[in-house]
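Next comes just one chain, in structure tokens: the form predicted alone.
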Amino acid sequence: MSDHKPVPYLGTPQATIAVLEKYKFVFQKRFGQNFLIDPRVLDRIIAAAEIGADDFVLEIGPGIGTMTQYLAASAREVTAVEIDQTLIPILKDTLKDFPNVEIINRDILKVDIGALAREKNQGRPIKVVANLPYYITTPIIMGLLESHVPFESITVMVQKEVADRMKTGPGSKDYGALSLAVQYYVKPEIVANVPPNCFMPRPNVGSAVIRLTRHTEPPVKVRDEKLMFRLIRASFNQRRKTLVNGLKNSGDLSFTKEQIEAAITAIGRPLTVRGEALTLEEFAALANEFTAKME
């Protein structure tokens, strides 16, 4: 392959409109399609993801190939997974000058990303980049985190509110199970806020680019990760209730009220405390208390 990689030409309103008109493309609301039309934002994403000449990149939801062109111009190889079959011929056209791109027409939630990393990157951690549809952001990110896919970082465009939720701490109304799960696996960092006019069609809300960098070691020591997340989910399912009542009423846990009260007291919290007041460290300590009692 030549060292001279093609230059990305998509990313402006004019180029995007030309592609859409050529293929008479109709936006599918069910896929939450909003295409980026601002080259400065695309440059920010590539810079934030720190894409280099030796990187294998997994892109989720390439759309018409706008960001794919930018990724391919910087990376060794890109695999782009697109669920919408009508976009495949468009991608084959817009990416025809980029020989280091493979397009897969599948639902990302059904792709074995671990196998992809082994095949394309000798099992080394990969970089994930995506402009995610709002309706499926959380399942995709949680799927990547919980499946222990080998990734170095995930750099994604998401709804601004979701980015804030991933980054926030106790005491905020945005703080919840997603915040704790994300912060257990990765370090979240908002790298850019993106207004609606950077997309076609324009979404109704602002967006943000967030980079999630994998921790080399989890920030807390917990003996039973699954139990910790069951406790977290139970405590946020009924936000207005005390932690005691949230855990006691959860169908997913089988501790007695006395066991729950003893564990909360053991981590130094009053019995009136609510789940949203606890830090990740405190949830880990709570899980370890229950685990110690069960042994």
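One rule holds for the numbers: they count along the sequence shown, beginning at 1. Predicted model, so just to flag it, every value in this text is computed and none were measured.
Although it is not shown, the form predicted together with a small molecule is what the next lines describe.
Undergrad: Would Pro170 sit within 4.5 Å of the small molecule in the model of the complex, counting heavy atoms only?
TA: No, no contact at 4.5 Å.
Undergrad: Taking any heavy atom pair closer than or equal to 4.5 Å as contact, tell me whether Tyr70 reaches the small molecule in the model of the complex.
TA: Contact check for Tyr70: no, nothing within 4.5 Å of the small molecule in the model of the complex.
Undergrad: With the cut-off set at 4.5 Å between non-hydrogen atoms, does Gly246 touch the small molecule in the model of the complex?
TA: Heavy-atom contact with the small molecule at 4.5 Å: absent for Gly246.
Undergrad: Hey, in the model of the complex, is Asp84 touching the small molecule, heavy atoms inside 4.5 Å?
TA: Flag for Asp84 set to yes.
Undergrad: For the interface check, one of 161-169, 180-188, 129-137, 206-214 should have non-hydrogen atoms within 4.5 Å of the small molecule in the model of the complex; which one?
TA: Of the stretches listed, the one contacting the partner is 129-137.
Undergrad: Pick from Thr242, Asn34, Asn237, Gln259: which residue has any heavy atom within 4.5 angstroms of the small molecule in the model of the complex?
TA: Spelling it out, the residue with a heavy atom inside the cut-off is Asn34.
Undergrad: Please pick, from Arg106, Arg202, Arg118, Lys96, the one residue with any non-hydrogen atom lying within 4.5 angstroms of the small molecule in the model of the complex.
TA: Here the answer is residue option Arg106.
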